[in-house]
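A lone chain, given as structure tokens: the form predicted on its own.
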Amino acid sequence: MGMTITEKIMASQSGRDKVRPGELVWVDVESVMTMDYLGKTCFDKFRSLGKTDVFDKNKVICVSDHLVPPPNQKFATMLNEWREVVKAHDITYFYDLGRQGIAHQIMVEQGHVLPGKVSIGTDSHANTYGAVGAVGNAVGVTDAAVAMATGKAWFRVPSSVKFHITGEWQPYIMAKDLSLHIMGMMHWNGHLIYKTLEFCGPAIDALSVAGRMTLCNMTVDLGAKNGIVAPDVKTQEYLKDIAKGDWDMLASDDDAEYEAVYEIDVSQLGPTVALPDKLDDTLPVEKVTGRKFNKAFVGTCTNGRLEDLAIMADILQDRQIHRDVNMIVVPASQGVYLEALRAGYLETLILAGAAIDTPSCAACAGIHTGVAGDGDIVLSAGNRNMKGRMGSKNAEIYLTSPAVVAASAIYGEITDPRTL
């Protein structure tokens, strides 16, 4: 019996020829990421191990993303303390205000995540790293501290579930729609907890790396250990000028064993919306068309990339956002911001009436930059919509794709972009 790509990575990175689901492995990590609001605690744990030097100062990546720019004195002080800690440990790659972005975007776009390797981070959406054929996983600060000291982390090898995606992508249908469709199809029922979700098939081959990042990003919200797409020519092209090391082009064996296999035809997929408070309570957009909202938000590690801003600019070109809608758009990194600026996307969005904010987690974390207040109804292209996620517990959050958000912002009510 062969192995899945995740099993192959865990075997190769633990010095084994073969692993099986359920086994415990002690793997080498390619990179360890921590960020502003947990970073100091992470380094405190590291020092409690009696260590002063990280295992490789080029592979411990530090990012300021949740608290920048600081909205109050408390967060400003936390950031200052964070900067002193990073400086004290002489960390090579520190993405602070002015060079910042959302940590998971930074990890992939700056080449700190490599196919065939393991990368971990102290934020739940580290599953994003599977988009380039890596095992990406979120860990707590204690496990991160151990990895910072040793260059290793322990895993229980997960069982794998395959999603074979066929068909052709239709206009205005995005990876986010597929993610939400899978949410509604699988539900939060425990069946995918600690599983690998492996995406393959012709429709995945056609998907950009950015789209694959969206898909893998949201696997954690089904309880999965990791999401992954095998590397291909698109991965090679994406990484050729940025990769911080060599990588392996691994793929699952034809006779690899899966706990379950699901088939989805994207040709039949339409824009999808998750209703307030539950990610897995999803409906086709036509079932919720006409529902009014007053805030629109696009950004986050799920949908703040260049192609997301491009489709929004296409929809909003020469149109105006409804006077009752406040729309905030946050590029996922300074790199994305600059590319969108040069391409004219930000100008189009601004002329339409959107506010553009500096790259950060922003309102997604409910900390600052457009948080929801009592009575707000938010149409968001983020990743979570539970009560209080974006601020007030008395606000409602609908989740959908950037295309649906842009089209809906024109009318102030949920709108199918295919009708424009």
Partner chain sequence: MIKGTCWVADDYVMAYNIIVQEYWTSPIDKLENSKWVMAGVHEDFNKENGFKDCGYTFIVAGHNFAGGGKSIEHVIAGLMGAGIQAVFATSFARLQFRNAINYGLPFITSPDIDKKCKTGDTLEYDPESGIIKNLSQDLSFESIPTPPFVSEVAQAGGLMNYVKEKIAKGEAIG
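Numbering follows the first chain given and starts at 1. Worth saying up front: this structure is predicted, and the values here are computed from it rather than measured.
FYI, the form predicted in complex with its partner chain isn't displayed, but the following is about it.
(message) Using a 4.5 angstroms cut-off on non-hydrogen atoms, would residue 40 count as touching its partner chain in the predicted bound form?
(response) Taking the distances in the predicted bound form, the answer for residue 40 is no, it never comes within 4.5 Å of its partner chain.
(message) Against its partner chain in the predicted bound form, would residue 375 count as a contact residue? Criterion: heavy atoms within 4.5 Å.
(response) Output for residue 375 is no: heavy atoms all beyond 4.5 Å of its partner chain.
(message) My question is simply whether residue 109 lines the interface with its partner chain in the predicted bound form - judged by any non-hydrogen atom within 4.5 Å.
(response) Contact check for residue 109: no, nothing within 4.5 Å of its partner chain in the predicted bound form.
(request) Indicate whether residue 171 is a 4.5 Å heavy atom neighbour of its partner chain in the predicted bound form. (result) No.
(request) Answer with one of 282, 122, 160, 100: the residue that has a non-hydrogen atom within 4.5 Å of its partner chain in the predicted bound form. (result) Contact check passes for 122.
(message) Can you pick out, from 328, 78, 275, 341, the residue that has a heavy atom within 4.5 Å of its partner chain in the predicted bound form?
(response) Flagged contact: 78.
(request) Would you check whether its partner chain, in the predicted bound form, lies within 4.5 angstroms of a non-hydrogen atom from each of 155, 386 and 389? (result) Spot residues vs its partner chain: full contact, yes.
(request) Among 123 to 131, 320 to 328, 227 to 235, 283 to 291, mark the stretch whose residues have heavy atoms within 4.5 Å of its partner chain in the predicted bound form. (result) That would be stretch 123 to 131.
(message) Using a 4.5 Å cut-off on any heavy atom, which residues of 10 to 36 would contact its partner chain in the predicted bound form?
(response) Going through 10 to 36 in order - heavy atoms within 4.5 Å of its partner chain in the predicted bound form - the hits are 24, 26.
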